[in-house]
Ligand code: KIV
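Before any questions on how it binds or moves, here is one chain, the form predicted alone, in structure tokens.
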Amino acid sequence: MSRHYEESKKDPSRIIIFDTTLRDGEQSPGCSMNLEEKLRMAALLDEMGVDVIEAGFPIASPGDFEAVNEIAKTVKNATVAGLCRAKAGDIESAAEAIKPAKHKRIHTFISTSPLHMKYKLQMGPNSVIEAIHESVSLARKFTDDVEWSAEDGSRTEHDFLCQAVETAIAAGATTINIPDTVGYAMPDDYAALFAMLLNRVPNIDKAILSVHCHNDLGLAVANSLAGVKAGARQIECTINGIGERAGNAALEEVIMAMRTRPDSLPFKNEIDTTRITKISRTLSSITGFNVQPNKAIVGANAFAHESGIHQDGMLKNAQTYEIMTPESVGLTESKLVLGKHSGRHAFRAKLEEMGYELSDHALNEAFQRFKILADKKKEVFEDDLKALVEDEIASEDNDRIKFMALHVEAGTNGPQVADITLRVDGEEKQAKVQGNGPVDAIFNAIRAIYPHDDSILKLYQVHAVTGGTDAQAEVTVRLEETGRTVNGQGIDADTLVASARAYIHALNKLIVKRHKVRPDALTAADGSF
């Protein structure tokens, strides 16, 4: 049996945390990550104490296979899972991808609702039951840790769902996942679904039940916790709640709900909550998806108090308006850091203190940018340094396009002109182009150097890393091209330079994504539940 099944049987209060940021989360438009970014996130998830990391969908593309395989080689503690449809080729690909992992899981799924079976699968109930038996049996030949999911499980007829679950367990599945694929469920209904399975499926004691909830009605976390209270012992979730449409259940919200309300949720997990803020910010930096200010746990306003009455209460006793401490999720006061006279040794030591380990090349680049920043800003804070370092890490050595220099002419009288120098495939190129404003001029100049007429700018967003007029600007750019969507992010004390960096970051991602080829038979919907 799988180690998680054995742990759950020894301690019925133990909740297995299954993170699918790198699979279901990455399916959110614009959230695709390259190999290095996935490896960074996997390492942080492993350090945080996640039990299972769903690393990707190996059959989807050569890039997905490589990412799952490399994560399987590097993850030290967590189980590495690969997703696959109920098809022999998918299962064999997943098995090969996760083969190097210390702990490995094959996660296979098939639709079970009448709507999905009729229109998506075009299969009858008997054929689906046969496919469940064959796929789980084949997966079990490669590992004793097999998870089976009933896509659109929350809208599946109860009699058929019981038959499907019993079949999957009999074939060797040790985890049974009942997803609320379209975010339709209500907490009471979802809890009743698990209670029904526990009462009606004769071999249910041989598997762990799992929740996987989408947030279309804003109930993903509530439904997940309802399922756990009804008997599920695995929660599938993502950092920052990212995912298709309205996203998935947010890991940080699920975890802190259990930590804050043990009276109502008397469950255990192995998550180090002090790492939540760092991993949230890292994911935001990688994907270019900024967390909304009022987002629970990790939003900028989550621990902010502006009301006079609230401030008065906080000064007297923090518990008057805070049910958890900022420190419990790794949020600390942003402190002043090194100044313009600080040396490379002190800079490296500070980064190590903050949990960053950079290569010599990345350290040199980050140090040079820090010195420039320190000359521009009166005060440099830890948040400034975090933003700068994350931006430097995001700049890959193998990027085809690199930012070199920028000069902009702007003002009320116009014209607005951008003079930009880029290095494209190792060759420096320069363009001087007008635009409808300085940002438009910059983006036009980049297009003049590297034409990409099929792409459309879908989002341009700016926010300050810290307070003050000398704050670094963090710019997010979203590009779309023939159905592909990517986000890029750039950081600089000069908003226009940050804009150029963000656009180039997105463009480099778009170039990589153009070469990701998915099989014709595989669509985004095939891997979503």
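Counting begins at 1, following the sequence as shown. Keep in mind that this is a model prediction, so the values were computed, not measured.
What comes next is about the form predicted in complex with the ligand, which does not appear here.
Of the heavy atoms in Y190, none are within 4.5 Å of the ligand in the predicted bound form. Contact annotation for R105: none of its heavy atoms lies within 4.5 Å of the ligand in the predicted bound form. The closest heavy atom approach of N177 to the ligand in the predicted bound form falls within 4.5 Å. In the predicted bound form, the ligand lies within 4.5 Å of some heavy atom of D24. Contact with the ligand in the predicted bound form, defined as a heavy atom within 4.5 Å, holds for exactly one of S135, T112, S224, S149, namely S149. Of the candidates T287, S210, T238, T181, T181 is the one whose heavy atoms come within 4.5 Å of the ligand in the predicted bound form; the others do not. Here the chain stands alone, but in the predicted bound form its contact with the ligand, taken as any heavy atom within 4.5 Å, falls in 212-220 among 403-411, 255-263, 271-279, 212-220. Interface residues of 476-510, taken as those with a heavy atom within 4.5 Å of the ligand in the predicted bound form (partner not displayed), are absent.
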